[in-house]
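Okay, so we've got a single protein chain in two different forms coming up as structure tokens, structure 1 first and structure 2 after it.
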Structure 1
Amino acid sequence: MEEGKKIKHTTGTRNKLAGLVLVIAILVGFPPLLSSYWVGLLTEMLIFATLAMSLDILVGYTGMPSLSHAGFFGVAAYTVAILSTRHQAGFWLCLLGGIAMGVFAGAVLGLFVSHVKSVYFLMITLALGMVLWGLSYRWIPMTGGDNGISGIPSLEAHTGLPLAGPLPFYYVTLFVFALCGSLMALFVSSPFGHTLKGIRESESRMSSLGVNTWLHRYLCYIVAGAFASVAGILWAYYNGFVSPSYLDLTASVELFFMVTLGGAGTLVGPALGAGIIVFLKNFISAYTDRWLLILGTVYILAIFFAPRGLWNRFLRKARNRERITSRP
């Protein structure tokens, strides 16, 4: 019996490693064969995958369904835009400034939301997200209002990289995505991350064990904001333009869809959901103005057939196949 379990565990590990190697090979080796349009689309997918994974730390691992998470994304992007265009700041100052502002926003907003949960958490994060959007829309001397801020230098020009074009930027984004994904995986699998899962399942029980649940939720909110700010920095350099639309409710709801469509609590699922939604937005909108209707239909069908997300459904089917094949 024990030997059978070991063989089953070894086979599962090998399959996961083989899948990981295949994905890495595709992401690294396939883009040079694609046109600049598809390379840019893959870059956008990776940026929003990083952002969706950062939200999953709150939604899937801590049970904090935030509707203002796009605010950290927008704050970091605006920081890069302001520093690079108006103050001619260097790349490293923009990078550190964007992350610092994302962490600062998380630290401030976390004071308002970390002590509440369920529907009250949703309501407060919704209100705070609208506050950030209102600041970006009305603080015209700083943010440019509805016109936004344009003229953000390209990444290669700002960093002095010898290579230019969509492909080098894609590989930079891929590296940042892999780095952030690895750090988030370490975070959620650490003792701190396991404590967050315990808070998600039963906060009262964790409190009775002596865990400071408020502090854990607060720190988690800050960490998620830091990773979201990294995605915002990448987006500012990729798009070259920042506007209030990156902080509005629609952006946060779309981000929430990415997490739930792919599968909360997995990190891989939100990355998959982000890729699907970004692809559908860009591909379908090129053929019809009713792409929102199609996107909504896809999401409704996914909820019916995979209520816990596409990746969780795939994992459940894989486990069922393993149980069937392991039976004597």
Structure 2
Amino acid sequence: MEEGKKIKHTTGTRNKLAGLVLVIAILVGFPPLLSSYWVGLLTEMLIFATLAMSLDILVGYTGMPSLSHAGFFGVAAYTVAILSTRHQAGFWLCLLGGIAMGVFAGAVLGLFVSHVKSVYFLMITLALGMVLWGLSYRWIPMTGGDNGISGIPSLEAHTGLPLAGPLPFYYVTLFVFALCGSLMALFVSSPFGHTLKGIRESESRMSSLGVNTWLHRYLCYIVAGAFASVAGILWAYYNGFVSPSYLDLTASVELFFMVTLGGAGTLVGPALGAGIIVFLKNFISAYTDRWLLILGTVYILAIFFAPRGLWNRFLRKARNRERITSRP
């Protein structure tokens, strides 16, 4: 029995490592062979994968189903846009400013949502998300309203580094994605992260153990907001343009769908989900105008057939297979 467990564990780790190496090899080695359209699409996937992973910290690990998460993304993107186009700020100021505003937004909004639970949390963050969208849409002197803000300098012009073209931007994004992904993986497997999981499972038990659950939820909300801001900054540079459409309810729910489609509470799953949704959106909208109809149908089907997410389904299958093969 002991022996079997050990073997299973090592094969599991080896498989995981092999998978990771394979994914990294593909992400690093493959793009130079692709056309710039596909490189752009991959970049977009990675940006949204970062964003979806940051939401997973809230949804999957802490049990805070936030519908205002696209707001942080937007706040950071708008900060970069406003600083770079109106105040001629440099790259580092934009970077720090974007993250700082994201953290600030998290710290302010977090005060209002951190004590709220489950479905109520869903409703209140939905309203807050719409408020942020409303600000971006209606506060025209600041945000340019529906027209958004264009003219964000490209990354190479802004940093002075030789980063022209889609491929270098892709590698920057890949680096940021890998960095943020590793940091988030560290975060959720840290003692703090385990406490968050404890809160998800039973808040009353955690608080009777002496954990300040409110503070944990609050800090987690801010941390997730910070990672979302990083994605927002990348997005602002990638697009060269920000508009309210990335803050609206559809965007927040789409983001949420990336997390649940991939599998909440796994980090890998949401990144996968983000890739699938970004791909589908681009792919379907190239062929038909009716892609909302299709996306809506995909939502409903996915909830019926993979309620716990694709990655969890895959893991369970892999585990079952392992159990069968490791049986003596």
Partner chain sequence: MVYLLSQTLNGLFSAALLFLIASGLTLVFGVMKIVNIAHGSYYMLGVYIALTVVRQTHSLLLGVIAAALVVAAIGWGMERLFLRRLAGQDLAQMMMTMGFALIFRDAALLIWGGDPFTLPYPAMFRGSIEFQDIVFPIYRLFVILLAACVAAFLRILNEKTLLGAKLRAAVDDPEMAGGVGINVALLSGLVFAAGAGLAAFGGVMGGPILGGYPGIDFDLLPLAFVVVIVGGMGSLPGAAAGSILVGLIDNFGKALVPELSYFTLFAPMVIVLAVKPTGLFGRG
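For the two forms, the rigid core is made up of the largest set of C-alpha atoms that agree within 1.5 Å on superposition. Just so we're on the same page, residue numbers count up from 1 along structure 1's sequence. Keep in mind that what you see is a predicted model, and the values were worked out from it rather than measured.
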| property | result |
| --- | --- |
| Either 1 or 2, the form predicted alone | 1 |
| Core-aligned C-alpha movement of Ile26 between structures 1 and 2, 2 Å or more | no |
| Shift in Å of the C-alpha at Leu293 between structures 1 and 2 after core superposition | 2.5 |
